[in-house]
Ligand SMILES: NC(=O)c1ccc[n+]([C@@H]2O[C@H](COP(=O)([O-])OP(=O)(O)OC[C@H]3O[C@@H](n4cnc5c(N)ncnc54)[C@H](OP(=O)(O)O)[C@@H]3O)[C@@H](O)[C@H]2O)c1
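Next comes just one chain, in structure tokens: the form predicted on its own.
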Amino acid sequence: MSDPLVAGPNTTGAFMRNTQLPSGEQLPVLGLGTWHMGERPQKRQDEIGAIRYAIDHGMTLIDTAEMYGDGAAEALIGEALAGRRPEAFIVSKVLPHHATRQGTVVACEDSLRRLGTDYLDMYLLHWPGPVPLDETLEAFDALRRAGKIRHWGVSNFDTSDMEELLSLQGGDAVATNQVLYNLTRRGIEFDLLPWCRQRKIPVMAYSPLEQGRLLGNSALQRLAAEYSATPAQIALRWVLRDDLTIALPKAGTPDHVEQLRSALDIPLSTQDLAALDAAFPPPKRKRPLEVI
């Protein structure tokens, strides 16, 4: 397991472990998720502070979607990044029922307006839907040629979905697959994760802490005590144990962002990983792709 510490794609001077897109572009292995952010006015200033703190400390990948709060998360990010857009790598997503040739373009332009920017770094199809994939790919290509997106990818695609995607003209330009992955949701390790690794397609892990539901596990708590850390930090460090997985935890305050970022400093050993395997066994057979 390699674990390099290299400069992240930001102008702050912060350092961050990076991974690499198929194009060769570097991006941080630890980003910030924004699901449910921007929905409560009383939390807005803390959430804006969290996004800015993340950017300041190398977590320049900010993940969002048109679905999140019906655009509220995108609007929050736009406010937080006012005057700082070049420092961030913004990922957003189009809903499947919007993903026609024209609908994808309209949805993207709506996201750009809410974000206060003229381009996305990455645009994802949120999950497989009723629109033929080749229509969505045509729209992604048109958006890329127009300079409105830099890369495109998918989310919640299982191995068979990825194989279908790569069979289509232009499908081999896919830059990432964002899926549910954490200690309690390890099904992708059986086939999807190896499939993506073989093709050097990084996986973005959403809900890497299972929205906090796994943090009471005794094995996590023992390791946390050993490292003077929190169970959340141990669980997040496990997701980040290799260089082709990007984690996107949500954090709504600067202090929470700092706690999550500090997880990268925990030197989990092979014995620690074995203990976590015993507590959260890896899959022994194919499982349907899990989503939340």
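When you see a residue number, it is the position in the sequence shown, counting from 1. What you see is a predicted model, and the numbers here were worked out from it, not measured in a lab.
The same protein also exists as the form predicted in complex with the named molecule; that form is not shown, yet it is the one meant from here on.
Student: The chain here is shown without the named molecule. Which stretch in 95-103, 193-201, 151-159, 138-146 comes within 4.5 angstroms of it in the model of the complex, by heavy atom distance?
Tutor: Of the options, only 151-159 has residues within 4.5 Å of the partner.
Student: Arg114: heavy atom within 4.5 Å of the named molecule in the model of the complex?
Tutor: Taking the distances in the model of the complex, the answer for Arg114 is no, it never comes within 4.5 Å of the named molecule.
Student: Any of the heavy atoms of Glu210 lying within 4.5 Å of the named molecule in the model of the complex?
Tutor: So Glu210 counts as contacting the named molecule.
Student: How about Ala229 - does it come within 4.5 Å of the named molecule in the model of the complex, if we only consider non-hydrogen atoms?
Tutor: Output for Ala229 is no: heavy atoms all beyond 4.5 Å of the named molecule.
Student: Given that the named molecule is not shown alongside this chain, does Lys250 nevertheless sit within 4.5 Å of it in the model of the complex, heavy atom to heavy atom?
Tutor: Yes, contact at 4.5 Å.
Student: Could you tell me which one of Arg52, Arg241, His256, Arg44 places a heavy atom within 4.5 Å of the named molecule in the model of the complex?
Tutor: Among Arg52, Arg241, His256, Arg44, a heavy atom within 4.5 Å of the named molecule in the model of the complex occurs only for His256.
Student: Counting only heavy atoms, which residues in 21-39 are within 4.5 Å of the named molecule in the model of the complex?
Tutor: Sequence-ordered list: Gly33, Thr34, Trp35.
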